[in-house]
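Take a look at this single chain, the form predicted on its own, given in structure tokens.
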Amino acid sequence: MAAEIRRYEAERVANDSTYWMFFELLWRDYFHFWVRRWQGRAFKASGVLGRTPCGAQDREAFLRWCQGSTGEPFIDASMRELSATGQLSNRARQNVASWLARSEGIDWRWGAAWFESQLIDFDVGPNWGNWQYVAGVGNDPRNRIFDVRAQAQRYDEDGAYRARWGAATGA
């Protein structure tokens, strides 16, 4: 894939799309090495940093998240898209992960396992590594709590995405 991207750029044009495709391939490879490095710690609640994670065992809140019925329109739209298509953009993945693990305090591993069962492009390393990252127990020490309403305003200003997936566009 990387060679094909570089061929396309040489023959036609390098652009934002080719840049981001190559960039995502690098992240995928990074997370494959990450799992090999950390092995079992890639799947532990405390993550690779051994931090105390969010870990509420609220099954009802988790099920509402899975079903896209949390009452948070941007989250609900994303979860409905995932359920209907098996796909979700990276931006939406980060938002729903942050909402589940950080806003609701639900065990991040539940979300990672749900993604594993739903995504058609599921890949162990990127999935579990990104969930740790968002939950605050992975390699990145920065706080990754997304303001989902600000994200909705920025990435779905006209509410078309939320309307497409059956979620109200309220504030």
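C-alpha atoms forming the largest set that superposes within 1.5 Å between two forms make up the rigid core. Residues carry their position along the shown sequence, with the first being 1. Keep in mind the model is a prediction, meaning the values are calculated, not measured.
What comes next is about the form predicted together with a small molecule, which does not appear here.
- Just one of R41, R36, R59, R28 comes within 4.5 Å of the small molecule in the predicted bound form, counting any heavy atom, and that one is R28.
- None of C66, C54, L119, V48 but one reaches within 4.5 angstroms of the small molecule in the predicted bound form through a heavy atom, and that residue is L119.
- Remark: T70 does not count among the residues lining the small molecule in the predicted bound form, judged by a heavy atom distance of 4.5 Å or less.
- Put simply, R93 is close to the small molecule in the predicted bound form: some heavy atom of it is within 4.5 Å.
- Taking non-hydrogen atoms only, M21 approaches the small molecule to within 4.5 angstroms in the predicted bound form.
- Mapping the unseen interface onto this chain, F115 counts among the residues with a heavy atom inside 4.5 Å of the small molecule in the predicted bound form.
- Each of D123, P126 and N130 comes within 4.5 Å of the small molecule in the predicted bound form, counting any heavy atom.
- In the core-superposed comparison between this form and the one not shown, the C-alpha atom of E157 has shifted by less than 2 angstroms.
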